[in-house]
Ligand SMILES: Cc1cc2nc3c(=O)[nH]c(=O)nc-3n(C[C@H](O)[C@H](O)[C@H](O)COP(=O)(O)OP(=O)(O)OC[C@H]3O[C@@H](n4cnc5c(N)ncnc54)[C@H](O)[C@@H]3O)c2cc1C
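Below you will find one chain, with nothing else, as structure tokens; this is the form predicted alone, and questions on how it binds or moves follow later.
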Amino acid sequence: MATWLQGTIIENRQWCDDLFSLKIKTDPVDFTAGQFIRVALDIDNEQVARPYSLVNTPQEPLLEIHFNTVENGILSPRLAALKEGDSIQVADRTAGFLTVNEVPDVPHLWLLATGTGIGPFLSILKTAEPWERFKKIILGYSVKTPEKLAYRTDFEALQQQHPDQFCFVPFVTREKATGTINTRMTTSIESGEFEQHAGVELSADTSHVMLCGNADMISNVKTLLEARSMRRHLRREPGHIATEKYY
């Protein structure tokens, strides 16, 4: 079983009404970019814990989680209310297989996220490995409204650093916003619009797809990819589609 470490809140960033990021100082935790960790608070004399993907890289000194508050939720509203200097409990070990070292050798890596599912992909993209391994990296990031495009400036900076290698495609589904596609990611895949923006084909021969976010998005995208002869990736049977299981 995991041992719980004492952590201290260093920063609570509120992106909009229900979207937050916490930076946490604690004892060092070994992990691979893309993995998740459990954090906990004592609520009504009971430890309440949930898994959250890490946004930071293994080399950065502070842990960072990105989350939205759940209406009538037990933990997330209390996490959102934490202030600098407050205490939080952090597991001493991480888990998860949404990592680049699990990806087969292909030229094109597609990272598709909705909402807070963007967290593990930022962690991955801030490390050297994906830029050393893949000819083209395409990030599709879908949210409902523009203010929910957390870390947008980080991805735009990566676009400037790797103009020929990285393609950042933000989707905003409920409003029109400059520099974004005003439709669902699934619709854009079906129409071919996404591939036109990326400049590469989404195919079983050349692509590996990592999915994180809304369960409906993951299910619907998997159906679209399966129609292209793409299948779930397993260690014992390499495939094309990777998703995360938090529990």
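Quick caveat: nothing in here was measured; it's all calculated off a predicted structure. The first residue of the shown sequence is 1; numbering continues from there.
Although it is not shown, the form predicted in complex with the named molecule is what the next lines describe.
Participant: Only one of 147-155, 85-93, 133-141, 67-75 gets a heavy atom within 4.5 Å of the named molecule in the predicted bound form; which is it?
Facilitator: Selected range: 67-75.
Participant: Can residue 99 be called a contact residue for the named molecule in the predicted bound form at 4.5 Å between heavy atoms?
Facilitator: Because no heavy atom of residue 99 falls inside 4.5 Å of the named molecule in the predicted bound form, the answer is no.
Participant: Considering non-hydrogen atoms and a 4.5 Å limit, does the named molecule approach residue 52 in the predicted bound form?
Facilitator: Output for residue 52 is yes: heavy atoms within 4.5 Å of the named molecule.
Participant: Taking 36, 116 and 245 as a possible spot, do all three reach the named molecule in the predicted bound form with a heavy atom inside 4.5 Å?
Facilitator: Yes.
Participant: Within 4.5 Å of the named molecule in the predicted bound form, which residues of 205-220 have a heavy atom? Give them in sequence order, or say none.
Facilitator: Residues within 4.5 Å: none in this stretch.
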